[in-house]
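Okay, here we've got a single chain as structure tokens, the form predicted on its own, with questions on binding and movement later.
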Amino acid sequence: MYRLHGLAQSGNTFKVAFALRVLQQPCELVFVDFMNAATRSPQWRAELNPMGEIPVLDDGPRRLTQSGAILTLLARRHGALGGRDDDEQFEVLRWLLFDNHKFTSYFATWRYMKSFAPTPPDPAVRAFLMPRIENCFGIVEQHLSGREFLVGDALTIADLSLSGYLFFPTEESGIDLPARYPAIARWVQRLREVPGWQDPYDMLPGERIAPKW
């Protein structure tokens, strides 16, 4: 059985947990107290992930980190969600890289600063992040206009990756998807109807934390 280390606030953990549920793979969820700096501990990094990040997926003798790599392995191993031919597989990879480098990177950073950081967001940092978030969301909004999924006409790990942080409450980011990005909002709702979907705060270990700022 897989063991997935993470917590409820982590959209990157959610991506992997959602994929495992879609693939109907049993998984033990292990809470990581990220908010109280567990991943900064030298012992945690030595035992679980030297990069100091979650999620971490235990797969018998193998231990994997980085959600994009984990999703890729799961898709290949279980023969689903990875694209149906070479062209689709390349497109899936392209969107995973865009997500990890930009889409989730900017958005998740802003959400953490607004909801969970010990001090209010620095206005200069907000001014840096928001145009980048808007640009990335605009790209995805345009791409999803008139289509149901990011790649081809079926669910892939590209959808699971880019959507990972979009199921959390609007107040955590302050970005109202239906009002600003209707195509993305329809896509997110479509993913909620995929068998195996569950709200992150119901699926993952740890308690919900109210936004701070």
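Residue indices: 1-based, along the sequence shown. As the structure is a prediction and not an experimental result, all values here were calculated from the model.
Beyond what is shown, the protein has a form predicted together with a small molecule; the following relates to that form.
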Non-hydrogen atom within 4.5 Å of the small molecule in the model of the complex for each of Ile54, Asn100 and Tyr165: yes
Close approach of Ser145 to the small molecule in the model of the complex, 4.5 Å, heavy atom: no
Partner proximity in the model of the complex: Tyr181 to the small molecule, non-hydrogen atom cutoff 4.5 Å: no
The small molecule contact at Gln66 in the model of the complex, heavy atom, 4.5 Å: yes
Residue contact check: Arg62 to the small molecule in the model of the complex, 4.5 Å heavy atom: no
Stretch from 7 to 15, 198 to 206, 185 to 193, 21 to 29 whose residues place a heavy atom within 4.5 Å of the small molecule in the model of the complex: 7 to 15
